[in-house]
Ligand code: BG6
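Presented below, as structure tokens, is a lone chain in the form predicted alone.
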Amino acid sequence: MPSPQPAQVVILGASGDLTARKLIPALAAAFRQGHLHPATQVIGVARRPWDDDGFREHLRCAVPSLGDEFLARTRYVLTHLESAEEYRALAARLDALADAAPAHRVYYLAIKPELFLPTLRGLHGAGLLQQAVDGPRRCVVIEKPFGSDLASALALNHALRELLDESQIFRIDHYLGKETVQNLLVLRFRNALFEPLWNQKYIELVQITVAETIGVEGRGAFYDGTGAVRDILQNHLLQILALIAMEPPASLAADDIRDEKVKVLRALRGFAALDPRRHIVRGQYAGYRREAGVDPQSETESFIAVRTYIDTWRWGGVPFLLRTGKALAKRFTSVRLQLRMPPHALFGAPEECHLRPNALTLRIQPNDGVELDFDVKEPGPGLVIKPAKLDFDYAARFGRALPDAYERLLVDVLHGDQSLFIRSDEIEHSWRWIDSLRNAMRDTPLYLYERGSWGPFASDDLFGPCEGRWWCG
């Protein structure tokens, strides 16, 4: 549904790659489909020496499919935002651009993390973040990374609370805008086929993978100071895990959903009482240290796989295997829930008849969908059991390409819906667990693996006594 009021989407750092590659295409798609109010304005703010026409030409070159009607709604403000006077000038410019009707205003921080707080303090000082009780909304969208450890995340959250109400803060993780991730709530809580099985009695283990085929691709300096744990595991993987493992929320209200996610993150078992060498495997692809911007002696992990547990009634004793890496054999993101084998040997022991456990796989990208593995009898004499599969594909079922994650999330921001955004306590509990992991990693070897492989062979040992292997898309 379109936003009931006009809005100004103010992109700070509008000359950067994120704006042209993700934000503008998402906003244009939402505009074409009628999800935005017709009077919505997109206002780029940056240091490049452009005017409105120069900004539009930049966007047209970067995204040739943009229509003239959408481009007509774009404006540009040239400013360095280095003084209180420049912020006051920005405020005056935004007010002048607004149509007669009161407009919501969204500030998208497409800037470096170290500029978040200085920019927000400048906006606050110019009165740009003030929000009347019944007036138009003033919201801020913040990209990851949100801190680099628990201490920095706590400090950032504390600083933000001095400037904004939590209802104004939209911490964005684009994975939460993917259709298959959103479908987790429907799949689990709307289908009697699945919810009764969603517990330790029937599920033997859960594996979640975010695999990439590319290396650091020119981002060596950034990545070498970040690594796979902080780049992917702390945000994308833990958010997916929380949705997989959460209890049914009281309602679909944003805070009811986020309350249940926080309970999962609080229940994640830390690594202080675990043997790191049996629960953590980290690796680095061959040639990583020769990448531009990377320390030749770097110990930064480009691959991480961990075995952890959620200490709740529902999941007690069920291993959760989390894996992410660069330069792997295939690009995909998936969740695979492996069911326990029947507790009898009617068809012979599993190792004798080569039976595999039944499994439910949620494909998050690419080829978004759901598949269920089970066994059937092969036609003919005798009893020969063969694997079979039920497969649901989103694009095939609905006959159209899935919307980009940013499109859904930006529309939600304009509606003030925080369901798919991360609350401050989610950030803090995720970092608490990540800090525990990173401390334990010091006692583990750094394995070398070849580009195009599936990472260190040692990650196969994380399954322990469970029958199973990593799913490879």
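No experiment lies behind these values; they were computed from the predicted model shown. Quick note: we count residues from 1 along the sequence shown, nothing fancier.
Not pictured, yet referred to below: the form predicted together with the named molecule.
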The named molecule in the predicted bound form: contacting segment from 77-85, 226-234, 179-187, 387-395, heavy atom within 4.5 Å: 226-234
Non-hydrogen atom within 4.5 angstroms of the named molecule in the predicted bound form for each of 124, 131 and 417: no
Residue among 326, 363, 104, 279 with a heavy atom within 4.5 Å of the named molecule in the predicted bound form: 326
In the predicted bound form, the one of 112, 158, 331, 377 near the named molecule [non-hydrogen atom within 4.5 angstroms]: 331
Residue 269: touches the named molecule in the predicted bound form, heavy atom cutoff 4.5 angstroms: no
Residue 336: touches the named molecule in the predicted bound form, heavy atom cutoff 4.5 angstroms: no
Exercise: residue 212 in contact with the named molecule in the predicted bound form, heavy atom 4.5 Å: yes
Distance check, residue 146 to the named molecule in the predicted bound form, heavy atom within 4.5 Å: no
Stretch 170-198 - residues with a heavy atom within 4.5 Å of the named molecule in the predicted bound form: 174, 175, 178
